[in-house]
Each structure stands twice: as structure tokens, then as C-alpha cells.
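Quick heads-up: it's one chain on its own, the form predicted alone, in C-alpha cells.
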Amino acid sequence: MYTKSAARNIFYGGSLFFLLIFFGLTAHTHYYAVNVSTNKETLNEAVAHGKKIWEDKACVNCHTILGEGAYFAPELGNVFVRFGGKDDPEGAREAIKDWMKAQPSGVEGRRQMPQFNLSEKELDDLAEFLQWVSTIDTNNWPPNDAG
């Protein structure tokens, strides 16, 4: 049997131990997110403008990006890879732009993406943003190329 003082010491010691673990994991997460996972070297004005378009058009209301957002439409964190961006980056950017221009597709029974009537510059910047997102170290998320 434990005495009152032994139980108290176990409680305080365990609380301190798990509090230190919590702070250590929090510090590691912040370090990893800021210094390792985000590709800051390639972050430029076009990427920032593409992100603003993403936010202004509320794309996250239908799509997920890196697992965050709605699940109505496909994950876009790896859309650049799905369009062949590893082998042909310029071709993938053009394919993404063409896909956006062709919406809504009009295929019966499919969910339809609205036409946002983006300018050529806006389409370029949005494609740059999606290309940049594909370079983020996501620890292999999503688990497959289909998203």
C-alpha cells in the first residue's frame, strides 16, 4: 500500500514528467513546421498571390489541402504530382490551368466546380501555389497519389 506522501509524490512526479513530454513535443512540432516541412526557399510573390486567390475564392469550402478543408472535392495538396509535375512541371501547370478554365465540366451526375473566370495571371499564380504546396514535406500524406 502507498502512503499519502508516496501517492502525492507519484502524482507530482508523473504530472511533471508528462508536462515535460508535452512541452518537448510542442517545441519539436513548432521547430519542424517552421524549419523543416515548409519549403521557404521557393516561396515567392506568385505563390503568395496564388494562396490569396485560394482564400478569396474559398476553395477550402470544397477541397482539402494537406488534409484540411471540406471533403466535397478532391485533395489538392498533391494535385501537381497527379498532373505529372514530377516529370513535366510546365506541362502540369498548364494542365491545371486548362482544368480550371474548362469548369464546370457538364458531365451528368458529377459534382461540378464553378467557373471563377480567373485571369491568366491568376491561373498562373494559383498553379504556382499548388506546385509549391506539392514540395512541402508532409511525412507521406496523403498516403497515395489519388489523394
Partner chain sequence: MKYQSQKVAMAYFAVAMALFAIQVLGGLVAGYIYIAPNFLSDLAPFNVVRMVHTNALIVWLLLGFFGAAYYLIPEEAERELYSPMIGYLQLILLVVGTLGAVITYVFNLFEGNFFLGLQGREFLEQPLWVKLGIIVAALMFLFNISMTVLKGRKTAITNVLLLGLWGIAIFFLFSLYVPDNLVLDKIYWWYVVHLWVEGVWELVMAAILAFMLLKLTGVDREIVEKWVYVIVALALFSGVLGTGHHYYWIGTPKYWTWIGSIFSALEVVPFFAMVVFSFTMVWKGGRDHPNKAAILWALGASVMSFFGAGVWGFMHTLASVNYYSHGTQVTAAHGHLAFFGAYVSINLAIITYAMPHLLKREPYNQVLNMISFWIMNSAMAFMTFVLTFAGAIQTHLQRVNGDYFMDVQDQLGLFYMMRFGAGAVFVVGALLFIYATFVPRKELMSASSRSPAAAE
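All of these numbers come straight from a predicted model, not from anything done at the bench. Residue numbers count along the first chain shown, from 1.
What follows is about the form predicted in complex with its partner chain, which we do not show.
Partner contact for P89 in the predicted complex: its partner chain, 4.5 angstroms, heavy atom: Contact with its partner chain, no.
Its partner chain contact in the predicted complex: M100, any heavy atom under 4.5 Å: Result no; M100 lies far from its partner chain in the predicted complex.
Any non-hydrogen atom of E55 within 4.5 angstroms of its partner chain in the predicted complex: Yes.
4.5 Å heavy atom contact, L123 and its partner chain in the predicted complex: Although its partner chain is absent here, L123 would stay clear of it in the predicted complex, with no heavy atoms inside 4.5 Å.
Contact set, 97-112 vs its partner chain in the predicted complex - heavy atom within 4.5 angstroms: Heavy-atom contacts within 4.5 Å come from G106, V107, E108, G109, R110, R111, Q112.
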